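Heads up, the chain below is alone and in the form predicted on its own; it's given as structure tokens.
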């Protein structure tokens, strides 16, 4: 190739790289308000009000503030004391890639700020400073875009590619009437989709993080024994409330209880403290059997 053409080609490649970098930088939020605006779930309520209302009552909607203790321990004890490792965005994402996926699009400085807010919200709980930190963190959660965009292609990213910006992935495709572009994705209907977070998490640096073992007992116990239901079959039966161990009716569905009662009488004189030691004292042995009807160990998570 002619040298002049080579220079032009190299220049074009350099410009494309710079353009790509500028796009990436433009998508990196510098403030929490900017980050929240990038994935504003409230606009989803305009068309999906019932689903949004269900989600508001779910634990997904408070995925950060409901787990402050564990995340604070990771930051203030694990990183700071045990490993003597500075708090960085990459480290914080070992928690928030699942508890608040939008933080993937935060700047390094903003991510560290969020990590410090987590420590403050837990350690200063009840104080004015702690309350303000918790109120700020409440803006981060597992929202609509978390599942229907950011994590949508996480089951097979090499095959699906990165989620397209402003595209909503779900079980149904685009019917032309949506406010947004919709793409059908069968991945969201599989247990593997939920296992991205409700299982063993593999961080980019190779560290394995196991906050719970739901996926392990589901795969190696339930499926191995012939079970066929997916996570969604049980945990989407009440819509986007995602009921689980905090919902009494769901617990009742997942547990069976039966009792065996063996009546008998104590011999006279064998029981102290009774009114008449010479009497036969009626008694019984009650054995309770709790059956696990769920697709994973109980309790867990």
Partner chain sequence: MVLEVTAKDSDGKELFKSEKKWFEIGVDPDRDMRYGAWQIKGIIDLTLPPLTTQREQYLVHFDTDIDEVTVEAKLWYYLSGGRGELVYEEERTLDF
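Under this definition, the rigid core comprises the largest set of C-alpha atoms superposing within 1.5 Å between the forms. Numbering follows the first chain given and starts at 1. Bear in mind that the values here come from a model prediction, so they are computed numbers and not experimental data.
Below, we turn to the form predicted together with the partner chain, even though it does not appear here.
Just one listed stretch, out of 50-58, 246-254, 231-239, 37-45, contacts the partner chain in the predicted bound form at the 4.5 Å heavy atom level, and that stretch is 246-254. Although the partner is absent here, residue 173 lies well away from the partner chain in the predicted bound form, with no heavy atom inside 4.5 Å. Put simply, residue 164 is far from the partner chain in the predicted bound form: not one heavy atom of it is within 4.5 Å. In the predicted bound form, the partner chain lies within 4.5 Å of some heavy atom of residue 227. A residue is said to contact a partner when one of its heavy atoms sits within 4.5 Å of a partner heavy atom; residue 156 fails this definition for the partner chain in the predicted bound form, lying far away.
Screening 104, 182, 217, 136 for any heavy atom within 4.5 Å of the partner chain in the predicted bound form leaves a single hit, 217. Scanning 192-213 for heavy atoms within 4.5 Å of the partner chain in the predicted bound form gives 207, 208, 209, 210, 211, 213 in sequence order. After superposition on the rigid core, the Cα of residue 287 moves by 2 Å or more between this form and the one not shown.
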